[in-house]
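Next up is one chain by itself, shown in structure tokens, the form predicted on its own.
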């Protein structure tokens, strides 16, 4: 791989700046999923093992630049890391500050990078300010690699040495493994509410997959080609494109569904055939026959790519389809299974199947864009820095 790797360069007793993806869900001041933090721990421990002076930066949510908002503060994450790395001194600073002195084997975590003016637009001065903090910059936030921002891209341009962390490298290798000469049958499961946000990736995956199983609002758009979908989420502007896809590729849409119907007194839940949805009904999940068909397909798969829930899994009444799909994937021990995306991570945690998925990507948008075939800005930057390093030699 034409990228400088953290594991292959000398970081011993160096001052290093690590860009991590600590963008975790927080509710009532409590972290509800620690997956991304835990995925970053090996990188931090590698730096500690080499007695480096460590500065960590990350984003959380999408706050307005230049304005501090408590709900976007990294403080809950800092407190969690202090518990996990209790033997290590960890400091927290609200400002980008060179004056805070840390010793070898200590960590300084800076406040949410998106509070800084110029972060979103990859401001040169801000990028240089980050770069001035370190001898080595480590990009290990794959989940933000599709964004050309000061803390992901600009800092890498201006740092003395720039490299990719082990999690970043692992993400790329696993994604490439799924897309280049995968073992077949290759089955893709794609859920989510909007086909518009995933149309390009759906087209790319349909081309390379033996079978694509669709769910959620994406499936509703396919169903609406020849059927009434009532009040269900679907996108009329994409019906013609969906029609072309289903004509040319093996795309499986649900044949029976679970719907809800609201009356003046209560909400009624019904099982319906795909061609019998009424105007006042809303599709919320797939039905029993569709679950059984998915089971047969997933059971035979040798490679599985999974992104997005199949139904409104947050509601216990419409969780079964997503739960069963997740379990079918986890029970296929002969397949290489790759899962990614924020909602997918929530599903994996909910049904406790983390250990049974071959690889779980921390990326959401980056995961989708990489699979789509785009060269992500940060990867482009890392390749550029690798080439410049070779020229200087």
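Here the structure is a predicted model, which is why all the values come from computation and not from measurement. Numbering follows the first chain given and starts at 1.
Another form, the form predicted in complex with 3-phosphoglyceric acid, is not on view; read the next lines as being about it.
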Scan 204, 323, 194, 129 and let me know which has any heavy atom within 4.5 Å of 3-phosphoglyceric acid in the predicted bound form. 194
The one option of 29, 62, 49, 333 with any heavy atom within 4.5 Å of 3-phosphoglyceric acid in the predicted bound form is 62
At the 4.5 Å heavy atom threshold, is residue 365 in contact with 3-phosphoglyceric acid in the predicted bound form? yes
Using a 4.5 angstroms cut-off on non-hydrogen atoms, would residue 151 count as touching 3-phosphoglyceric acid in the predicted bound form? no
Classify residue 143 as contacting or not contacting 3-phosphoglyceric acid in the predicted bound form by the rule of any non-hydrogen atom within 4.5 angstroms, answering yes or no. yes
At the 4.5 Å heavy atom threshold, is residue 231 in contact with 3-phosphoglyceric acid in the predicted bound form? no
Listed range touching 3-phosphoglyceric acid, judged in the predicted bound form by heavy atoms within 4.5 Å, from 37-45, 54-62, 323-331, 351-359: 54-62
Stretch 18-51 - residues with a heavy atom within 4.5 Å of 3-phosphoglyceric acid in the predicted bound form: 21, 23, 36
